[in-house]
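Heads up, what comes next is one protein chain in two forms, each shown on its own as structure tokens, labelled structure 1 and structure 2.
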Structure 1
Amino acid sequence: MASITFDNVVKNYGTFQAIRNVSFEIPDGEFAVIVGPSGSGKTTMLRSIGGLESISSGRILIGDRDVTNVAPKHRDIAFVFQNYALYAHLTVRANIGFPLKARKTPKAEIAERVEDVARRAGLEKLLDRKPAELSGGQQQRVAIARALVRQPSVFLFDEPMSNLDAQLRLDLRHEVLELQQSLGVTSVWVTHDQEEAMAMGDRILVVNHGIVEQNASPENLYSDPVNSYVAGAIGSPRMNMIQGHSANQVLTADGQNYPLFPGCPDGNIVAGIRPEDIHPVESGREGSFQAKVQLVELLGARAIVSLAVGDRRLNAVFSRRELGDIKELDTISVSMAKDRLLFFKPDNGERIRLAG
């Protein structure tokens, strides 16, 4: 069993609170992603799991073991660093074999396991090179191979893709996912890229200023965010947030009226609608409103359309078909998909759930 549990963990650096009383559990075998902006505490959480940072209070458990005060080497974890952290003066072979050598594994066994892992990571031909002679992607594979060779209970990845280009990122992403699936090892992956998070995670922990805003599957984060922060963090382009006053199923914001539907909350609210849930409709359709097309960014199969409603800008994503021959400066009718509208309290961003 190698689940990971945070139990009321607090981490302070002097007066700065990096982790503010966080609790969660990652079940055994899951691929969890911790996503958040820089300084949110995600890396600190990851390093605390690994034991590279100590915590100020609370407990960390790996499986059933309380590892709060256990040194990294005894936590049975492997860590992949953002900048690979390879041993510059050792060959690839020696790099991969290093953890085994540190544990005084017999030489023959080291050789065998290194060969095995190198093959898995596609590094057989590079074993006698030094890290400086490898490309970024190859170096990252060596780092992953070094983690693999240990056969640990937990893999920890600290933004390992940040220094790679887009295509390489995609390729490596697939490889890592396949690897994790075949090995079934609990993994925690830290990233600031929400798309990467959505693509990779079985579960995602959205982190902001030292707390976990939401810990859920990608689907739940997307369709059922617990507050406006999560709603805005997930999905690109960002969800449109319209703050205004709702009465009689009409939201009035900045002098504009946005039609709502029965059951919507009244009073001062923030309505959120994802760009992909704004559709062009025939004018005059019930529940539509006018908008002026400011900008059209064609991305191949879809287009990001920037709409002006009064003084407000809304982003919409139209499919190619929906776009039709809509051009910039056209005035069109659009409507927001009813079942996709989300409501939040204006003061603290908390989600207002509708009855039923």
Structure 2
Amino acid sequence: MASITFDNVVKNYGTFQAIRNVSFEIPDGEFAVIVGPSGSGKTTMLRSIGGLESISSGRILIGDRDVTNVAPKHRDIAFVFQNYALYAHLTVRANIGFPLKARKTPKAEIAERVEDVARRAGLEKLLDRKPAELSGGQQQRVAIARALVRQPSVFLFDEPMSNLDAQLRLDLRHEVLELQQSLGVTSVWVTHDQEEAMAMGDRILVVNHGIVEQNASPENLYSDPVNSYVAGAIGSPRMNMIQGHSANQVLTADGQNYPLFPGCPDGNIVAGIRPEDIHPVESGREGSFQAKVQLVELLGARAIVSLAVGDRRLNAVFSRRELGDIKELDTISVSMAKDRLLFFKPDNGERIRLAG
């Protein structure tokens, strides 16, 4: 097992800088998720760890070993890609055991390790089938099992569930987490899906334009984002961002007034509030304001409610009890949980920390 360290890593493609002087550490045994939109640099970072991309400057360490100029096959890593890359003419058993056969591992040891990893991955009844006889989820489990059987120091997953439907993604991510936890192998998972990142990661690296905006636990990213980019990238629905001018505990934005609280910053600011921290209240309650219900999306025990406040649209999440008989086109009173408000600078998105 091993930690992963980026030490001032830069990756250039001509004049384009895909990784911009990035440093971070993923401790031994953790499941880390790199999340960001297309083109943010997340896959380049993953491929750099695996040696599939050479870096322009800096160092990459696996454990205490500098692997910056080490070939992929000598880094003791295993990749799982978006496409399953299974050998169609081989059985599941042979696909899983292929890396061991390539290493000239004794047949008896191959058989034992294949049986063990197949059991862990729930594939023991499928070992004699060909890939064409398997579902997409089963094929991806075979690809993961093939990586597991190598017993590497590091697992690297490049959006391995992008081709699966929602329920299969949910089932498979549970299986992957159980396998990783039982093995304790340091793992890096790349995704553009922040819900997947929040559900899976011991830590999450939020990537934007080749830099890591924040590297923290899911809980810290959600409750204590360093800037408006991270705040908007984590959480579903996205955080509401209200840009305006604050004075005398009131934020004025687009002609509307939003009550704030003593000690909030004055001047031009962006106030951030998560949808789940907006609540319906009785009319006239102190700190409330009026909103018109534009859309109600029922999601079982909760509802996403789209609110119009003047020309601005805010998303709220109400419990079914809070929703009550509220319906579209109603005008209701709502309030924002003041202890959950975050503030950012409008020019660069930097978080404004309040005194005390």
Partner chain sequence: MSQVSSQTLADASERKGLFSRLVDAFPFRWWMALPLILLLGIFVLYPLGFSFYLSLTEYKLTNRSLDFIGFEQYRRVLTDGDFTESLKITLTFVVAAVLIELVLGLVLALALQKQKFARNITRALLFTPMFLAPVAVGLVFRFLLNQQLGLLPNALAVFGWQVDFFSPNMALWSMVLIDVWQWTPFMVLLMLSGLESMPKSPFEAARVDGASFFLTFRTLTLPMLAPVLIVALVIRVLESSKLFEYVFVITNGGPGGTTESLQFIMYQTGIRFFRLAEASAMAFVFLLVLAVPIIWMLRQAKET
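Under this definition, the rigid core comprises the largest set of C-alpha atoms superposing within 1.5 Å between the forms. Numbering for residues begins at 1 and runs along the sequence of structure 1. Predicted model only: the values in this text are computed from it and were never measured.
Between the two isolated copies of the chain, the first is the form predicted in complex with its partner chain. With the core held fixed, Thr91 shows a CA shift of 2 Å or greater between structures 1 and 2.
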